[in-house]
Structure formats: C-alpha cells, structure tokens
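Below are two forms of the same protein chain, given as structure tokens: structure 1, then structure 2.
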Structure 1
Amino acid sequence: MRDRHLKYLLMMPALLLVTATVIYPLGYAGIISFMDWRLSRSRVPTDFVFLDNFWRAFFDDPSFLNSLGVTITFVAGSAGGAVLFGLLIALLLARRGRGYSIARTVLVLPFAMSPALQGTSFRFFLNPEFGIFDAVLDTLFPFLAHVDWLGSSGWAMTWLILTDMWHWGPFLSLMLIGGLLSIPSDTLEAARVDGASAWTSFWTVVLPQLMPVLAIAFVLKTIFSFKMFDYVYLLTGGGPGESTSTMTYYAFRMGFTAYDMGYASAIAFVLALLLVVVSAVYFRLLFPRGEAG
C-alpha cells in the first residue's frame, strides 16, 4: 500500500512542473483564442467571439497564410537539411578511436551555444559592410558581390535554414552515430564477402537498419522547426517584408506589437494543433498497429 502511493508522490514534482509550464499555458491560450482581447483596450479578455479569430486567420488574413507557407518551407528545408547534414557527419565519424571520440565531443559545441548568440553572430557575419562571411563569399564568388544576403527573400530564407542546420546537424549526428555503431558488424562483413561495394552496402545494409533512428531524428527536428522563433527574430526580423515570418514570429507580432492577444492565442493554438497532427502521423508511420504485437 505504501509503495503504491509512493510512486505517485515521486511523480508529483514532474506533474506539477508540466502542469505549470505546458498544460496551464496551453489551456489558457485555448480559452483566450475564442475571445476578443486587445491589450490596448483592456487588461482582461472582454467578449466571447467563438471562432471569429480562427475564421480571420484562414479567410481574412493573408499574412497568416503567408506565415503558414513560410513555416512549411522552413520545416521542409531545415528538417531535411539538418538530418542529411547530420548523417554525413555521422558517416565520417562513426569509427572507433580516440581521435574520433574527441571529434564527437567537440560536435556538441554548436548545439550547446545559445540560439540568441548564434542568431546575432550570423547577422554580423552576413553584414554587407563588415561581415566576414560576406567578405569570404565575395572573394570566392565575385559574381555574388552585389548580393545582400539578408535583404533578399530567397537568400534570407536560405541562411535561416543554414543557420538552423549548423545548430542542429552536430546533435543529430551524435544520434545517428549511436545508430551506426549499433549495427551488427556481421551484416557488413557478409555484404563484403558477397562482393558488395561500399555504396551498395550503405543502401542495402546500413540505411535500412538505420531507418528507425533516422525517422526519430526527423520527427524531433520537425517538431522543433515548427516552433522556430529565435533565429527569425534575431537574424531576419521576419523580413525582408514577410518572407521569413514564421507562425511563431507572426503570433509574437500580433500579441506583443499589435497587442491582439486573442488573435495571437488563436495562431499559437493552430500551431499546437498542427504539431499534434504531424506528430501523430509520424508516430503512426513509425509504430504501425500491426507491429504492436
């Protein structure tokens, strides 16, 4: 009897923390999303408007639809690019030895750095007047000397994705290195005995066994990409125009620039529902019901 109650007592701090930081804010945002609350008029929510905020988002606000398209573009580029980048690093460093162990330890540094520091640094690096990245790229590729990297919508999105890849790629590579090192050596030796080349062994032996780890890495990166805010705020400011304004950044603008908390909550709630749907689809693909037994 005592042991049965002890497990709930031990879980209580975690449950309180999750409730305070996740469940309560999400529930409160869900309630506010059905109300009209403008901080410029009132300090508390005023009228209950039901689905008006959601209707406005999908049918009366082109900027929201633009932010949805920008978010999908960023998620596709950053999630796919970071996983591919991490896989390439993992294939290079998935070997046993002291040197490789040191290299894998150093890989943690980009992920350990603050996103605020990285976003600010890349903004200075790409500055057309004194940025080191701009100077190097102009020297190596003179035909790009006139390009304003963060002033062009295409290049701004490209550098936003590259910055996020640089941050996440090493961390994902550590996950994939663990998966590569767990592959039984017998299967690779059998492929060599059969005369398979390194490329053929990778496609027919390594990649199928690594696929579960790749899928989990892709799910993890996709979820975090949907929530991207730091680099947008610090690197591009959502610009030029609204070309890099993601849903999280647009919700921030509506809430803390336009002071329309009800509409901002509706946008945030749409993003939360979108994340739930994407996660459900991924996990359904990862763990089909037929394999549960």
Structure 2
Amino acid sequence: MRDRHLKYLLMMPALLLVTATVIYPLGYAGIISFMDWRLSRSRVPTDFVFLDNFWRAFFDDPSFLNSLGVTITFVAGSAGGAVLFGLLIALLLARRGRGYSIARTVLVLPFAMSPALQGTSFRFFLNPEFGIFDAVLDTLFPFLAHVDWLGSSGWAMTWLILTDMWHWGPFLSLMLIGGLLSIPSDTLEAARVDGASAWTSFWTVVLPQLMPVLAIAFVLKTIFSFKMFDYVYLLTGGGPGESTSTMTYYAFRMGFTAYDMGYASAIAFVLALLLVVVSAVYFRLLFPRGEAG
C-alpha cells in the first residue's frame, strides 16, 4: 500500500472517533453560549441573545473576572509546581539499581488515586482537630499551630496547588525518568572528564537533553490545570469568599446551581479560547520550526 493512502488510513479511526463524539456536544454547547437557556424557565434553549452572555461575563460580573484571576494563579502555581516536583523526583530516582526501582513503584499510586477519594481524604487530613496533616505540620512547625488551613485565601490556594501537585508530580516524574535514563551515559561521562561539577552538567547537559520531555510535561499539565475541577469542589468549594473559585468551578456553579446553561457555556468557551491561545503560544515557543506537527 502506498504511503499516500496509508497515512490517512492510519489516522482515520482516531479522527473519526474523536470527531464523531465531540462535534455534536461541542457544537451544541457553542450554540447555547449565544442563547438564553435558563433551565428554571425552559427545558430547551429559548432566545438567541448573540453576545449577551459574553458581555455579561466581561462587563457585568465581578465574580467572573475574579475567577479568571484565580484560574491564572492556580495554573501558574500548579503547572510550575507539579513539573518542578516531578523533575525533583526524577533526579532523585533516575538511577539503576533494585532499591531505586522499588522506590519508583510508588510513583504511579498518587496519580492512580481517584481525585474524589484524594480530595475528600485531604480535606479530612487538614481538619484542625483530627487531621493528620495538621498534626504533623503543627509538630514540625509550632508557629503554624493555629493556622486554619482552608480558612484563609492564601492557605486555601496553597493547599489546592499542593494537592494537585501531589497527584501530578509523581506521574510527570515517570515521563521525565524515561527521558533522563535515555541520556547516553557517555555524554555525561564526557562532561565529567571535562571537570564539570554535577551542578553545571545538570544545566549544560541534562536539562537541554530533557527539554522536549519537560516541554510536553509542562503543556500537558497546563491543559489539565486549566480544566481542574474536582479539588476545588471537594476541598474548598471555591472559598473562602471566592478566593479559589476557578473558571471551571464558576461555570459549574452557574450551570448546575443557578440553572443558567447559556451563561455556563459562555464561560466554558472563554476558558477553551484561553486554552487555545495559551497552547498556541506554547507550541510557537517550544517548537519554533513547527516540528510539533
């Protein structure tokens, strides 16, 4: 068979599956973001209101603007944090030897844990009366003894990010360990012979070699951070105040507690648009010659 046909044939099943599933719901959601669809008044979308929903979001709804800021804070913190955490783990555990391979066994577990279980558990762990995290932290850092971990904006956001990092960091590290171990040992050897310290060889040899994997990990994590919902829902409920109310959580609130599906869709599409822009910029920066495809 000729490549000319083969290349499309190979791609076809995946493209068909994805488009067949996504086109309808996505199109539907896209259309209702331009419509008035309040479930409390009607079972089906009613009037075409053009940009009203988007106008309301940007010019008439401080809560939405707040959620935009919260989302950006969270994404920056958790994507950066998780990749850094992953890199740290990878550097520690990317060695040969039985002990290391047993230690690595642990890395899939946090990722495999259902966010529902993790979110609920972490909330208990942070309880100032019978939470294990609270107890341990109070013992290690007595000056933090009276902190109500989810009761102030700063700490609530910090724990949201830490929770997400705990889930993702180890998984990302698995990707990075693969990358680290595939750096030819003679390259490192050569650097050592040249008298480079571990520190300089990390910057000059390891990091550049690792860059493609790091980039993928970072983009992947950014997308998931933008979409993160479970931990806000389970840990903080967007609070205190609206200090951890991300866009996904706000869209959920508007759709499922305020019954306003039109507005919820509009918020979701703003988020999607934001993601398209951010990813496009990433792709440009990371793969300047368009080699990412």
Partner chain sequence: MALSPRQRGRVLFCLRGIAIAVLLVVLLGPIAWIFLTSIKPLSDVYTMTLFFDPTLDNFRAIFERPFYVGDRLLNSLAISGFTVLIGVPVALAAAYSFSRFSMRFKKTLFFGVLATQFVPPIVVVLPFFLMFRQLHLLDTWTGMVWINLSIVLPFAIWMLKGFIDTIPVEMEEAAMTDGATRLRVIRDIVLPVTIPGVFVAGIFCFIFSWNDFLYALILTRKEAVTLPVVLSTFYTEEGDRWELMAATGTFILLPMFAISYFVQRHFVHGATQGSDR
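For residue numbers, the reference is structure 1: its sequence is counted from 1. The term rigid core refers to the maximal set of C-alpha atoms that superpose within 1.5 Å between the two forms. Bear in mind that the values here come from a model prediction, so they are computed numbers and not experimental data.
Of the two forms shown, the form predicted in complex with its partner chain is structure 2. Look at residue 9: with the core superposed, its C-alpha moves 8.7 Å between structure 1 and structure 2. Superposing the two forms on their core, we find that the Cα atom of residue 23 is displaced by 2.4 Å between structure 1 and structure 2.
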